[in-house]
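Next comes just one chain, in structure tokens: the form predicted on its own.
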């Protein structure tokens, strides 16, 4: 896959901005991995799988971003005569991100269902539907980006198809979240509302990055695109994971799980039995 990143030369400032954005993404994900691993012991077994999925997401996303960072450094070389970084023999591609999303987005969606306390057949049904919608969105978006340097009409078509899956996925996510708020402790319910709006913010940045070839086909546009990608990755994975962990901790304490009660300084809620 040839993306617009490989079409331009970059000033040292532009080149380093992208390099630093990718490095920041790597650092954020691996730092969060340590946090989620250390925090897991305070989460009740009923919700601990959600924290384990956060660890999987951090390893997967952090590894891909590390590869992207290395690829960025090898795909361009500094030309002293022009004072710019110019494309080399290697080709920078965002396609690796799409491969990674095939793993991480199903994990993120399943985490959400788990802390909403959806279990059994309903969990399997909802997770399967959300994963299929997510994969449809990712695959069609991947196909669309194959055309971003050659055929903007095809980019538009596949982007529109991907958006249909995107809307369906977000509709189900929003429905499940707001239907489940009344079953949560007040702090967890408040955090879950914020999770919804965080997801809408972060997931909207990805289509904006996809559309950069339309409105900013330039070296500056590439910097903006990588900023969109990095902010979206950190928001939708790291910050999202922190909020999911907080919700799991609150629910664990409310159900009487002693380690969570010690951390949150909360007493179990009446009528809620620890699982």
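None of these values were measured; they are calculated from a predicted model. Positions refer to the first chain, counted from 1.
Separately, the form predicted in complex with retinal exists; it is not shown, and the next lines address it.
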The one option of 210, 228, 36, 246 with any heavy atom within 4.5 Å of retinal in the predicted bound form is 210
Checked 154, 163, 149, 91 for heavy atoms within 4.5 Å of retinal in the predicted bound form; positive is 163
Even though the partner isn't displayed, in the predicted bound form is residue 72 close enough to retinal, meaning a heavy atom within 4.5 Å?
no
Applying a 4.5 Å heavy atom distance criterion, does residue 96 contact retinal in the predicted bound form?
no
Does the 4.5 Å heavy atom contact test between residue 76 and retinal in the predicted bound form come out positive?
no
In the predicted bound form, does residue 185 have a heavy atom within 4.5 Å of retinal?
no
Of these, 174 to 182, 120 to 128, 81 to 89, 105 to 113, which stretch puts a heavy atom within 4.5 angstroms of retinal in the predicted bound form?
105 to 113
Does retinal, in the predicted bound form, lie within 4.5 angstroms of each residue among 28, 62 and 66, using heavy atoms as the measure?
no
Those residues of 32 to 60 with a non-hydrogen atom no more than 4.5 Å from retinal in the predicted bound form are none
